[in-house]
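Below you'll find only one chain, the form predicted on its own, shown as structure tokens.
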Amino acid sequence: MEERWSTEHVLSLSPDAASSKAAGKLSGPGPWSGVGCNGTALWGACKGSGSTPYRTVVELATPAYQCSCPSRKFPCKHALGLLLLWSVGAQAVPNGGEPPEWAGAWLADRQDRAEQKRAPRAEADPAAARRRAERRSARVAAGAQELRLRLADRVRHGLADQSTAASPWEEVAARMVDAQAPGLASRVRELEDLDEESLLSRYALLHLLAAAYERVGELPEPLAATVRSRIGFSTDSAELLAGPTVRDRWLVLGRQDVADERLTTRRLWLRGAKTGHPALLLAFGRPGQAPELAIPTGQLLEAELAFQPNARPLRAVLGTRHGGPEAPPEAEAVPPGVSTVRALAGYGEAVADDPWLDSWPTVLTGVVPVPGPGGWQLTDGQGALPVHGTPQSALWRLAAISAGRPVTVFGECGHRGFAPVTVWGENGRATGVSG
């Protein structure tokens, strides 16, 4: 029997709170006509302010959406409303039947494009690819050497000397972009916002990274892969998925969306139920559009992941899915965690493999959020971790779910403390607390 999504699952796709609220008004059968679903897609026509109803179709596997409304939000309120209506059950959106012509054409077009993507690509010219790689390597090496000299100059002049230029690091970042080292460029830009206490340690890490690239050929391969990824080299997703993948039942530990004027970046943290392997998926959406990748926190997804090469593999791309997201068995709803002491030790082990690692995904068990004069902490009676990077409203939400009792918290543990993302309360329900 087809499993319909929960309300929480549907609303996790929403680009913003206003869309969720508007979708709620369209979640009843009143404005809809011609609704149906066939197990892989659902469709319907929604009466709007004009004479012609809006035609809405949702492909469930990705998911993907198409609507004739003029909204620039994605998915629009009609797609969300149709999903909410479908989630009620077969009495609201009946199973079976064929999609109308307008929905069938869009679904067939998507299927064609997916098959074209799966088709083997023409072999690239290996000699030309090697020449391009050599040219880039030389440019990055030159950029790394220049960065080391710039850092040495800054230290020689003293951290308080601001006389070199009005915005010297932006200029250096531009040079790193020209050198095809985007990882170095983004780290250089971060220097502009640091206080002097933090500046010297960041200088040191940048210098270490630039120096490491100049000798990358002499490093052990896992560390060399880490250096390349920090510099900004990346492996194409298709190439990654063609190599070894890890199939597991992945529990979604948390989700966090960060938006600016150009992009919405979604981070999804997973952990393999069988392998225990952590994973981080990234998805991107344009302003006003939720990233396509949406798996509700607390759900299990059986799928294959391919990891970017690294001494501490974490970032991954999603490959073949073996079914849709589903609720875990009750016994697995709350993930096992570690103590605060063990969390710090785990972060230390991760930094030993990757010196440029700011934090590591961690599940804490049996911790209580406690406010104090120096800020909030998560304590388990044996140790405590300062909480950082969390808005005050989210901290109070965390405290309310805890109500003074120990809870399980997922987040990122690093040198600045612990950044909570998800909390599991007494009822075993996962709640986001990152913003």
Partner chain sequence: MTSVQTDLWEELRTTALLGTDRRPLPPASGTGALAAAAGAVDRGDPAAALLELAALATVRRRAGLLPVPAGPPQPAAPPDQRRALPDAAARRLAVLLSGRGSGTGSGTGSGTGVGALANLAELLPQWLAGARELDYRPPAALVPALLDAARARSELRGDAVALAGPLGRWLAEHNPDWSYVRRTAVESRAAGSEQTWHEGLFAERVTHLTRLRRSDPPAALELLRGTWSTERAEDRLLFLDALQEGLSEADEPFLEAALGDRSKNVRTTAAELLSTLPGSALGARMAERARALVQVADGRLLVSPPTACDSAMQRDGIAPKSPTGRGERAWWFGEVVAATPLAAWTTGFDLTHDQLLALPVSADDGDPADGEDGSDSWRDDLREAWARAAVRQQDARWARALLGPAPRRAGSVRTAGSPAKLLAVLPPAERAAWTSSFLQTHGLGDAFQLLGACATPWTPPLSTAVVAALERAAASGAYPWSHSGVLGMTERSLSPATAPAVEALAADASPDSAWAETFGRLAGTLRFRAAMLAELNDNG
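Only a predicted model underlies this, so the values are computations on that prediction, with no experimental measurement involved. Numbering follows the first chain given and starts at 1.
The following text describes the form predicted together with the partner chain, which does not appear among the structures shown.
A residue is said to contact a partner when one of its heavy atoms sits within 4.5 Å of a partner heavy atom; Ala419 fails this definition for the partner chain in the model of the complex, lying far away. The partner chain is not drawn, but in the model of the complex it has no heavy atom within 4.5 Å of Arg55. Within 4.5 Å of any heavy atom of the partner chain in the model of the complex lies no heavy atom of Ala179.
The shortest heavy atom separation between Ala400 and the partner chain in the model of the complex is within 4.5 Å. This chain appears without its partner; in the model of the complex, the one residue of Leu253, Val317, Ala185, Leu344 with a heavy atom within 4.5 Å of the partner chain is Leu344. Proximity to the partner chain in the model of the complex, taken as a non-hydrogen atom within 4.5 angstroms, holds for one residue of Gly404, Gly374, Gly30, Gly39, which is Gly404.
Shown alone, this chain has one stretch from 146 to 154, 91 to 99, 302 to 310, 133 to 141 that lies within 4.5 Å of the partner chain in the model of the complex by heavy atoms: 146 to 154.
Along 176 to 214, residues Glu196, Glu197, Leu200, Ser201, Tyr203, Ala204, Leu205, His207, Leu208 each place a heavy atom within 4.5 Å of the partner chain in the model of the complex.
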